[in-house]
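There is one chain below, alone, in structure tokens, taken in the form predicted on its own.
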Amino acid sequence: MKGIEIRNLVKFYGDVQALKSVSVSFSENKIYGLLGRNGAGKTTLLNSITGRIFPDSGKILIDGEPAIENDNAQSKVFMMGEKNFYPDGMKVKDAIKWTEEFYPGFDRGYCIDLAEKFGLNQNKKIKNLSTGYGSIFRLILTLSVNAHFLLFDEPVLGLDANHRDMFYRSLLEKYSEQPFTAVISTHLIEEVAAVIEEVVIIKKGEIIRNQATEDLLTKGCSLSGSAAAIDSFIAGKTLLGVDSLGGFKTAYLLEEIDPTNLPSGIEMGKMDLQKLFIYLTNE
């Protein structure tokens, strides 16, 4: 099978079980959102795929090959995490040079262009980068390695709105020109909703949803109108939450509604992925 396949993965940290027999696949040439609350197991899962930590049991296959301690399989994966694995005293331009040495597919010209686009000072030492520019530094390297599978763990940490938008645009441009598999683990669900094709939701070390974004969102809807009309219509229905402003209200429902049966004055829209995520991961 082409892609990353995870079978019955288990990982303990002392008495705490971080992954509970997790089975999930990341097919080639798709953009996934790996969503979960703090401590749900997202980073543990990504670190297991890249061999940064070893699971207690289970299997990880990359293009059909065992991933653990397999250089050929691992050469197809690159992960952007929250930590730098370069010497703090190294300059950005030297880190780019050394990354090119270790990754044959690394596109130096593209990397330099991205650095200039994002305003990354290549003469600056890595330890002197701000939180945001530390993230930008790691993002740029990740997009430039041209690995088959790119894993992003909180990629926009510390980035302002403009730089976050630049990242998503750069990711989609790269993907459209040369498709790859991307797995994006993030808390900014509203922003990533328009980018991801597949949603994987993990809760307390278990996968609770794994399906196409569009399919997941068709399971619910939003309804907007006067507070009185909305309150009357949603009585007895599966409610995720509401937003109110004066006498206007928007309700989010976890069920399909026939638009032809809506009362006058109520408008129906698509389900909000963040609202759905909050509902599914609530205790």
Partner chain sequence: MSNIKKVVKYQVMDSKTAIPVFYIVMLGIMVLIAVSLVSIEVNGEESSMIGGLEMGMVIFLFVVGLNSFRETFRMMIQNGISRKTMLKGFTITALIFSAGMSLINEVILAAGKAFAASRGNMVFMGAFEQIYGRHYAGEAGGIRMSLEGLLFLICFSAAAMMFGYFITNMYYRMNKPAKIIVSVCVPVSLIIVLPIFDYSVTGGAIFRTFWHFIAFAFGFLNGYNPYYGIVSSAAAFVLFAALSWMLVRKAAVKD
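Positions refer to the first chain, counted from 1. Quick caveat: nothing in here was measured; it's all calculated off a predicted structure.
Missing here is the form predicted together with its partner chain; even so, the following discussion is about that form.
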Candidate stretches 168 to 176, 194 to 202, 115 to 123, 73 to 81, one within 4.5 Å of its partner chain in the predicted complex by heavy atom: 73 to 81
Partner contact for F180 in the predicted complex: its partner chain, 4.5 angstroms, heavy atom: no
Y110 within 4.5 Å of its partner chain in the predicted complex, heavy atoms: no
Heavy atom of G51 within 4.5 Å of its partner chain in the predicted complex: yes
Exercise: E101 in contact with its partner chain in the predicted complex, heavy atom 4.5 Å: yes
Option touching its partner chain, based on a heavy atom within 4.5 Å in the predicted complex, out of E69, E65, E256, E214: E69
Sequence-ordered residues of 84 to 101 touching its partner chain in the predicted complex, heavy atom within 4.5 Å: N84, F85, Y86, P87, D88, M90, W98, T99, E101
